[in-house]
Ligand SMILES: Cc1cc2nc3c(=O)[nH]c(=O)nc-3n(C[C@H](O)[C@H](O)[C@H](O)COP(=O)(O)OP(=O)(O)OC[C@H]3O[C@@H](n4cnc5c(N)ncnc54)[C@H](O)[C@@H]3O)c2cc1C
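Encoded as structure tokens, the following chain is the form predicted on its own, with no partner shown.
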Amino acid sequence: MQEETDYLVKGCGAMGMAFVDTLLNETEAQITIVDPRHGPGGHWNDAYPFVRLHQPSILYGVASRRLGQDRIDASGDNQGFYELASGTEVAAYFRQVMNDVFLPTGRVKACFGSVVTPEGDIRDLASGEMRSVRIRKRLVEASRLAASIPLTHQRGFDVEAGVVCIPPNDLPRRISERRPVTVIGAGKTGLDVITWMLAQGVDAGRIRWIVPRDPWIANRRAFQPGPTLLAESLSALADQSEIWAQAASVEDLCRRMEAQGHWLRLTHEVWPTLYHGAIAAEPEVTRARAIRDIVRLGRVVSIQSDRVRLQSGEILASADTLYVDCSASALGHTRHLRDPVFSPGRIDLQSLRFGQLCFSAALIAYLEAHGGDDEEKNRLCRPTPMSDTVEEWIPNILAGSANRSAWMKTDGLREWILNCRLDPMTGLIARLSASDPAIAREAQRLRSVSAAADANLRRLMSADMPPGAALG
């Protein structure tokens, strides 16, 4: 007998969960979720043990349930900022949402350890059993932005037999081995591994860091949307917008962002060419600067017992080196993904505000429940995919700004945003401006410069960025 469902959701990671949560709250739909893993939470089930969110827990998860306690950390690298959930906490949170929120409705069926076939059937990976499903409304593709992570990604380089190359997941049980360590990759995972090892007391002289491209890293101080730090965050955002409005070139924008402490880099001697939107606190970057043996010869091509071959050369290595593979790229195939979100019989979950995947998925679900036709809904959903460079980041900021302007002019959607847990800043500004002069002042400063910032970013985009250009 053929099964039926209103929505078949492919993927039970953060975006799929955020979409389903809002759709449950806004409709009476029947929903089937399919995921190859054996529980909810997507890649968080495979995360390395010392990983934490890059941005406050306030901004992550589903709209109907808080993640964490919205407290400010009193110690550590994140001291003075809103808490960052650990990978273990995030995975447990999504299991609780599934068990305490989704399944009790009786309207959600979860098919774990399963995949959706190209024909639209559900195949159980263990038994091979096939089930036919008729979708009454839409297929929801919730896995296109799934992160590539070290434990499960396909390496882009060869490793000679006998060489020990591990994912960060294995590092805690091997860190006590008295051998040199080489970290491969300069993204947020690489930074996490470096700072974690140094925090454990590993001597910096024992560590080599292969940095294919130096990154710009956003300072976490501007991403503090809770009430206690709202005025400071608004001030930082207004300062950034003023920089965007005044910058004479993309390079000038970067230099100004760095001069005011909004962006950080590993060393002042090397100009970054990478911008993926990674977020960190200044103490993390400061600690990472203790590493002196940094190799900048491009990506790894192969690792042999006595050497590492890279795109632009090779380096000698000790045979007992422990290599930590942090080369998985969250960018993957999504760098230029700008497909329509809504199409006949289908929804493709995408980022609508740079770096805010959960909020984006929840908003898409709200529009599915309350929006007009697909053309009207897509007008409110300009994608903001991952960026590889500052030049690619700028059009995403402009698309996000256009989205926000359209959202706040749309009845119903505007009120939903003002009360959405995943976008606390908008509602807090509206509620606290009347009683807090500092919040009112900084909010007004941000509003007053936004149009000029957008106009100048558009100028920079057209003047300084030929297709495929990279900042040098």
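Computed from a predicted structure; not experimentally measured. Throughout, we count residues from 1 along the sequence that is shown.
There is another form of this protein, the form predicted in complex with the ligand, and it is not shown here; the text below is about that form.
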Problem set entry | Contact test in the predicted bound form: residue 422 vs the ligand, heavy atoms, 4.5 Å | no
Exercise. Does the 4.5 Å heavy atom contact test between residue 20 and the ligand in the predicted bound form come out positive?
Worked result: no
Problem set entry | Contact of residue 194 with the ligand in the predicted bound form (heavy atom, 4.5 Å) | no
Exercise. Is there a heavy atom of residue 36 no more than 4.5 Å from a heavy atom of the ligand in the predicted bound form?
Worked result: yes
Exercise. Exactly one stretch in 395-403, 74-82, 144-152, 366-374 has heavy atoms within 4.5 Å of the ligand in the predicted bound form; which is it?
Worked result: 144-152
For this session: Answer yes or no: in the predicted bound form, does the ligand come within 4.5 Å of a heavy atom in every one of 190, 206 and 211?
Result: no
Seminar exercise, completed: Among 53, 67, 446, 429, just one has a heavy atom within 4.5 Å of the ligand in the predicted bound form, namely 53
Seminar exercise, completed: Only hit among 357, 108, 308, 237 for heavy atom within 4.5 Å of the ligand in the predicted bound form is 357
For this session: Go through 9-30 residue by residue and record those having a heavy atom within 4.5 Å of the ligand in the predicted bound form; state none if no residue qualifies.
Result: 10, 11, 12, 13, 14, 15, 16
